[in-house]
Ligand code: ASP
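To begin, one chain is listed below as structure tokens, in the form predicted on its own.
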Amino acid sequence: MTDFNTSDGREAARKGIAIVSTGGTIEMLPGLGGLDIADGQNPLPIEGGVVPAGIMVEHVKFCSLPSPAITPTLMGELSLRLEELSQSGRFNGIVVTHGTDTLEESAFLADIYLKTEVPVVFTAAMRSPTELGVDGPRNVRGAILAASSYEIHNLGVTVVLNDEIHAAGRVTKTYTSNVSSFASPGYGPLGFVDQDRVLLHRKPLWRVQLPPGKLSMHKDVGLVKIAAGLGAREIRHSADCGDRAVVVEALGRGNVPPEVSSAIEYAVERGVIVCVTSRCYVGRVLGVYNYTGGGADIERKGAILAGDMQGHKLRLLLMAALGMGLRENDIRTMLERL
């Protein structure tokens, strides 16, 4: 890989950063009823000193959508496009601009699929270009600086907002509107972008990776969040609808109400892969409790305990794993390491 500070000016001119745009608030402008991507042609904030000196950027438009409209299928296609760009030999790094609502999911899918030494960095804006205190230009600059740092590729796919660098596997949106919304609860950022420098403080030891193969997304994977008196009907419905797998966001250590335990058994008996994680931000699920609905009970009934993965990210992992032809035992082995 070529360093941007190389003395060979011709080589440096051929290399640079691809900015892959997908839409989101960073592209939105006010309309009659509120913010929207009106024409699909809204410019990215890369003017006025946003791009650091010595770095060439190339805009690659993938789509222009609000992020709730980005489906798992589109996320898979985005990962394949990022793979293509990273293997082209044209870029030192890749920045993806994305809407904040589903950014962490697209970034996570890219992280578990991509196997590249080209840094891939996701960024976004919490405020539109016309709002006071707009954050998009600064976030894009920070992401470009991060993507141009060779060390970043050792961290997997990262997310850069508000001068913080986060691991795709841990980051989540924590606040509906604040510019400091993105955080990695319980784990913290990997480092920071400080003006013109990237300062790294730690590496993510926790990462999940799919085996080699062509990415494909299986659509029939459900997600059920457990609450007091809630979840059994939804799990049974998922099984009856033909879902191949269902993620259960359980309580605490991986525990569920008694009726949910029965629903999990019902689903497993019908060939549904049931993966259990916690609705807590931090900590893994474990078969500690033996009462009906405890983690040990549902594990005996065939549920797979999935460490400390977030439920919405675990769902994407299952969609990708099933789409790529992994069997239940393969998935169990992968998740039991967490």
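Heads up: residue numbers just count along the shown sequence, starting at 1. The model shown is predicted, which means the values in this text are computed figures rather than measured ones.
If you look for the form predicted together with aspartic acid (ASP), you will not find it shown, but the lines that follow are about it.
Residue Thr100 is the only one of Ser149, Ser79, Thr100, Ser262 with a heavy atom lying within 4.5 Å of aspartic acid (ASP) in the model of the complex. For the options Met309, Cys275, Met28, Val285, the residue carrying a heavy atom within 4.5 angstroms of aspartic acid (ASP) in the model of the complex is Met28. Contact with aspartic acid (ASP), judged by heavy atoms within 4.5 Å in the model of the complex, is confined among 100-108, 151-159, 184-192, 229-237 to 100-108. For Ala125, a non-hydrogen atom is located within 4.5 Å of aspartic acid (ASP) in the model of the complex, even though that partner is not displayed.
Within 4.5 Å of some heavy atom of aspartic acid (ASP) in the model of the complex lies at least one heavy atom of Pro66.
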